[in-house]
Structures are given as C-alpha cells and as structure tokens.
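Consider the single chain below, provided in structure tokens and representing the form predicted on its own.
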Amino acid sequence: MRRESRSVMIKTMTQNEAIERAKEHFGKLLEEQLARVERMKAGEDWLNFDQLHPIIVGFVDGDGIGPYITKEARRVLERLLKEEMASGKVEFRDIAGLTIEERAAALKALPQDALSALRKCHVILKGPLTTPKKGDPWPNLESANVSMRRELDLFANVRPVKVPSEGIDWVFYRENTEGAYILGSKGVNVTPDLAVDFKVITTQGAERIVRLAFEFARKNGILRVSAVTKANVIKTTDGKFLEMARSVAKEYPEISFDDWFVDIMAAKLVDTKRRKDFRVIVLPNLYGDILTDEAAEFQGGVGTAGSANIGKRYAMFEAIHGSAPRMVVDGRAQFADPSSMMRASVMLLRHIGFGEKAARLEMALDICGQFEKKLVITGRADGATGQQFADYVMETMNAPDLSSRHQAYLGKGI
C-alpha cells in the first residue's frame, strides 16, 4: 500500500480502530521474535575453517566510495593470500545485486539472488551500502546491513580501536541482531499524532554476545569486561541485557566485570585519566553503533576503522562508515581512505586462520597510518589516493624489518 494511502487510512480511522490495527501489527512482530528465539535455542555448531577447502571469500563492492576502497583492500588480500589462492585453499567470489540501484529496482533490502550468493560464501568483505533516508530518491528500504546481519544471523559486531600512543586498546562487542535496530523499519503510526517503534532484547541474544566478549577476554588474557546499557531508564530490555551480563560474568571469576550507563561511558571514553582502563566493552546494538563511531575518532576517524560481523556459520567484514556519496559527486572518490577496509581485512584473515598474515597487515597499517605517515590521505587532491596508500601499505608489509620497526615505534610511544 502506498504511503499516501496509508496516511489517508490512518486519518479516517477511529481511535479504537487505530489501536486494534496497532495491536494486530504488534502481535505479528511478537510471533516473529518468538520464532527467532526458538531458532536460537536450537543453535548450531561453529564453522571449522581448518576443514574447509576452499574457504570462499565473497566481495561486495558497495555504493559510493565502496568500490574504490574495496578494490584496494582486495589487492592487499590477493598479495597476502597469493599462495593459498594458487593452491585452491582460498577462493574469491564477486557478489552482485547489492548496489542501491539494484536493491531499489527489486524493492528489497536484500534481493533473493544476492542473498543466495552470500550464503554460498564462508566470509564476506563488504563495502559500505547506502541506506535510503527520507528525502532520498530511493524507495524507503530497510538497511541492507541490518537485513544481512539478520538473515545470516551475524549476531556479534566486533569493532577494535587501537591507538598505542594514547594507551587505547579497546574491543567493542556490539549485539547485532536485536535491540533498537532489528525492528527499526517495523514501527507503527498508530494515529497521525502517535508513532511507536519497538526494541527487542532476548535472553538468548544477550547471553551469546556477552559470552563471546568474555571468551575473547579469556583467550587474550584480558582481565576486564564492561557492559553498557541505559538500564536505569530502559528498565525491561536494557535490564534484561544487564541481568544476562551479570549472570555470565559469574562464570569468569578471573575477569573483572563492571557496568556503565551509555551516557557516562560516552564521557569516560574522552576522559584521559579513565579511558586507558577499558579493554572489552559489550553493549546492545544502538549504543554500540554510537560509541564505536566516537571511539574511532581517536584512531583517526571512522575512515580508519573496520569491523567484523560474526555468526556461527557466516562472517562479514566491513568499514564502519557509510558510502560517502558526496565524495563521488565531487569527483574525489579516488582519494577515499581504504584503511577501514584493510582493518576489516585484518579481522577477516584472523577469523579464517591466517593470524600471521593478519599481524603483518596490522603492523603495516599502524606504521603507515599512525607512526611514519609518509603518505597522508585527506580525502582531497592535496593528499594521497587510496591506490597510493595501498601500495605504501604493501611495500611496508613486505619489508623484512617490519616487526622490529613496529616494536621500535611502540617503544618510543609514538
């Protein structure tokens, strides 16, 4: 039904009719979410990459600057995985059908052919995709990112932020498949004066993201995990998330656990006396989206930060920023910073079992982007192009003294 027709219908309803319509809508949402709970209860085993031949890596170019920065990250991965690709251990595939033009033509956030192609991959490197907003020339489609995370059950959004010179070494575990975003496009205009959106937290969804955060901390010898909510105000949903965090924390007695409200955590991340103490931070979807953008600014901005979207069967790696269409309109797309996609590639390599290659790329990115800075990307013609920066990273990555150079810079506190 067209938006104008819905608006006319709402205006002509009585209040009781509007309430009944909203109740019916809410009932359907509850049925969907209860079915999702049952699927989570059934569970599935984690994919074992050691047993896969080949490991299939899918590439989604994205919109706007996406194709430019994805291309450079792919070049780096091709260099690092040259032998594995030649032997058939790793296979690269292009995933079509996900540009904003293609999604608009299909009137779907995630067209079926594209979803089928994604499901044939084990991991995905995805460029930023445009999400239509009011006033755009596109249909009011749901975010393709949100849809992809839901369809592939990518429940953990992992976003590291590391600035050695500032003593910052944070890893955010953001719940990815519920919270405020999972039903973000399914709110209801009850009357012309009353709009209602919905937020969902489940026992199973909160438990698995918190447990993953604690498992990461234990595996890496990290002794502190902090949960972030607004449970003093959002008492039911945020309250459940905090309740599950406290419950899971009891199973990890060697790890210190504390909890913070999202507003004060936003302040503490800029507090030079306190921010160094935080290590692993676990939080619901919306808060994670906001705080990780803030945190990325310390590392050089959202253009430098990558993220992982982890599920038991699939994983997707991406930049945390958007498609920056204005850069394309202004003719500046070639100057877009590919660091975010390369940081995402570091996480991809670790996830599929190539830890040494991931470490080399990460050290090269630290040296090129934070320490030496022989080339600086400004997003304009007065700085380096993405291709030039990728060449710089690959040259540094292949240097025989890479590790010693990295350690020397760390020792100087640069």
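It should be emphasised that the depicted structure is a prediction, and the values quoted were computed from it without experimental measurement. All residue numbers refer to positions in the sequence shown, first residue = 1.
The protein also exists as the form predicted in complex with a small molecule; that form is not presented, and the subsequent description refers to it.
Heavy atoms of residue 149 reach within 4.5 Å of the small molecule in the model of the complex, making it an interface residue. Shown alone here, residue 174 lies within 4.5 Å of the small molecule in the model of the complex, counting heavy atoms only. When contacts are judged by a 4.5 Å heavy atom cut-off, residue 314 does not count as touching the small molecule in the model of the complex. Using a 4.5 angstroms limit between non-hydrogen atoms, residue 320 touches the small molecule in the model of the complex. Although the partner is absent from the chain shown here, 159, 181 and 289 each have a heavy atom within 4.5 Å of the small molecule in the model of the complex. In plain terms, the part of the chain that comes close to the small molecule in the model of the complex, with a heavy atom within 4.5 Å, is 138-146 out of 86-94, 188-196, 209-217, 138-146. Taking a 4.5 Å heavy atom cutoff to the small molecule in the model of the complex, the contact residue among 131, 299, 237, 99 is 131.
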